[in-house]
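The chain below stands alone and is given in structure tokens; this is the form predicted alone.
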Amino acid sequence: MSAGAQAAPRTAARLDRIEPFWVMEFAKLAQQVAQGPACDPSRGGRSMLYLNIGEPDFTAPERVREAAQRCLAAGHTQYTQATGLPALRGAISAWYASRFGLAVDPGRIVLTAGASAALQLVCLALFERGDEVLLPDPSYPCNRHFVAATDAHAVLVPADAHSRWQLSAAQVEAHWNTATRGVLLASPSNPTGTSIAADEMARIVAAVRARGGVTIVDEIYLGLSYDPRFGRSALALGDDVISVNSFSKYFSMTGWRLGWLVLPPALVAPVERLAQNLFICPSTLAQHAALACFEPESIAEYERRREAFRARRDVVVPALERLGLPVPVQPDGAFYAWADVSRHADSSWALCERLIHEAQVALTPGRDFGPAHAERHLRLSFASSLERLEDALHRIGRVLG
């Protein structure tokens, strides 16, 4: 070691249980290729098409942006209380009533710095070393890492197309043991865009409740539901169900970093105590802007966007089938297609690398979402415009022949 050099600091052992976010690592490769000759117009290249990130191409509606400007002009930028603006908690409560027919006490709603902070807060409040939490495989990778960050153990239970890539009540009962603390679900799910049917969700909640556990449901894509058989909040099943939600997806406010929790009444104060210490409060500007999300004109715009996502799905899924990349279960929400690559490759990672280099199309290999289906499936995000999607599908088709 040279003079003056210092050894790297020792890191916590929990980091050994937290993998890289492969979606982002793969995005780096796409960005590198995008800087090279394959994407250089002077050499006959073409731009990289990014269908790998789960971010709507729609930005916040005009009324939301105007509300943010008014907030800044008026100087309303001080801290709010840790649980968020009372007016916004009330607006969310009213949205549950109008959209889902649910009476949710505003006092059970806690605003957070995005759904990520919501998940971190609830996991810290509930889980500790020695606990186990059941999640489906495939599922959003950060969810299991939020569990791991509390020194608890995320148990991935392989799901399949028959169960819509979701946990079933029978699996919950079969995998429950003395260390199991609860389940962490997502409906609709990232990466599959599939939801848990209402009757199955009721059986899961009943099974968890009977064992003294907790049910946490990530519902950040609930507003982007396309099938009347789904699109129901798990909050209808009782005040003990914990829901995580966000302004990022349906409300098109990704970079504003604003989400919320709906908690059992007894959990509000403990989560508030954690939030006070870890985050102080969510962004004041984002909270004031989000009030405009619930104005009738904004809701009408969001519903038009939801129909646009549905139209994109209805183009993408049949096109993938024709390309030999079938989607085993039709996505009923969100903006993802979980496609089977086995007709073209033994490794989704290798196929996605090939498509970056040869088609200049960035997709997401299955590695992020759990080991059970990592090699056989990839995720395509249809959050981009229909024009870009059709271009990407054409390029993929030329590469795959």
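Residue positions are given as counts along the sequence shown, with the first one as 1. On a predicted model such as this, the values are computed, not experimentally measured, just so you know.
Not on display, but discussed next: the form predicted together with a small molecule.
Just one of 215, 246, 298, 287 comes within 4.5 Å of the small molecule in the model of the complex, counting any heavy atom, and that one is 246. Of the listed positions (182, 223, 114, 84), a single one reaches within 4.5 angstroms of the small molecule by any non-hydrogen atom in the model of the complex, namely 114. Here the chain stands alone, but in the model of the complex its contact with the small molecule, taken as any heavy atom within 4.5 Å, falls in 246-254 among 73-81, 94-102, 121-129, 246-254. Although the partner is absent here, residue 190 lies within 4.5 Å of the small molecule in the model of the complex, judged by heavy atoms. Proximity of residue 61 to the small molecule in the model of the complex falls outside the 4.5 Å heavy atom cutoff. Residue contact with the small molecule in the model of the complex: residue 54 places a heavy atom within 4.5 Å of it. When the small molecule is considered in the model of the complex, residue 140 lines it closely, a heavy atom lying within 4.5 Å.
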